[in-house]
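Just one chain follows, in the form predicted on its own, and it is written as structure tokens.
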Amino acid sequence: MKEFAGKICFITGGASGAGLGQAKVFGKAGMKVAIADIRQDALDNAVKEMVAYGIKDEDILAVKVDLTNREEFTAAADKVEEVFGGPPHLIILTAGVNSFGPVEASTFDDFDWVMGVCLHHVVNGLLIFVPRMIKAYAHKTEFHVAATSSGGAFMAGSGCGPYTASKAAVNNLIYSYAEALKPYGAGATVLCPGNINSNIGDAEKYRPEHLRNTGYHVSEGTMAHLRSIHAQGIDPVELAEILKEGIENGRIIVMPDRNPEGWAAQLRGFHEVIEDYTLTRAEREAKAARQMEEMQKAFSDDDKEEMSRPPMWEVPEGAEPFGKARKDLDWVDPEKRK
């Protein structure tokens, strides 16, 4: 997708963080932008920010919707067509939540909440919008689907299992849609960032009441720790500019990183996990040593200097470590409990 001006964009999670950054960037590119979020106050603030960023008020539509509710999501899609005159040319499914704790401490509610937002809302968006987009735009004009996933999609997530599992599934879905949409003249892109300067660390505050039975230790202190980490992440507008460039160039996977060579070396390692099962222990150890050497060579002097600094996950004063299980879960290793 090369041209954006005059077209329609729909962004989930568009009231803050990565989604708001996308709304600003694609709105500034001349698109009519609909943002969807479950929080009305955040939507109101987002509209003000977008207008201050230079986007016309009449080109913005804010829709309050529970993205896990298919009836509400369908009504939101109808609203976009009613206000802007047609379905989106570009959808970006960005809404996400996360919670941290040992995967073996997880409850059904932990999985239902995280996967409901991070995976099922993406499924809902694709099934609700893609047929409309094909009918309206196939072989007539460019259209595109995108989803915001995570670098965590490529690795094990023993401390955030529901999240990494959902993101791995999102990646595979977008790979599938990228192939499936070719006959219609459309494409698909999955954005896989690392740390983002966003408020996802406060996600637990918005967990639905009926899904609050968590196996993880969650408190104001753990959220404060997460906020200190996310504050060091990539700026949402910068991230959105990288996504836009990826869409323009037809890239299926977009992986923003300050050191692409170092990340590429790690990514190769993640994807070779299955291959390693065919090797002997000695072969695996030799291979691991070679990979570590490659990664060290890929890091620049600036990277090495940054790595020598205190880690970003150092617990600030007034906070407490995140990622622990509740202390009453007696089957969980004591070191993993709070």
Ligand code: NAI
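We number the residues from 1 along the sequence you see. Predicted model, so just to flag it, every value in this text is computed and none were measured.
Another form, the form predicted in complex with the named molecule, is not on view; read the next lines as being about it.
- Of the candidates Met50, Ala29, Ala62, Leu67, Leu67 is the one whose heavy atoms come within 4.5 Å of the named molecule in the predicted complex; the others do not.
- Residue Gly194 is the only one of Gly250, Gly185, Gly194, Gly86 with a heavy atom lying within 4.5 Å of the named molecule in the predicted complex.
- Contact check at 4.5 Å (heavy atoms) against the named molecule in the predicted complex: all three of Val97, Tyr163 and His230 pass.
- With the named molecule omitted here, the record of contacts in the predicted complex names 197-205 of 173-181, 138-146, 210-218, 197-205, defined by a heavy atom within 4.5 Å.
- Within this chain, Lys287 is remote from the site of the named molecule in the predicted complex, having no heavy atom within 4.5 Å.
- Taking non-hydrogen atoms only, Ile55 never approaches the named molecule to within 4.5 angstroms in the predicted complex.
- In the predicted complex, Ser150 approaches the named molecule with a heavy atom inside 4.5 Å.
- Among heavy atoms of Gly17, some come within 4.5 Å of the named molecule in the predicted complex.
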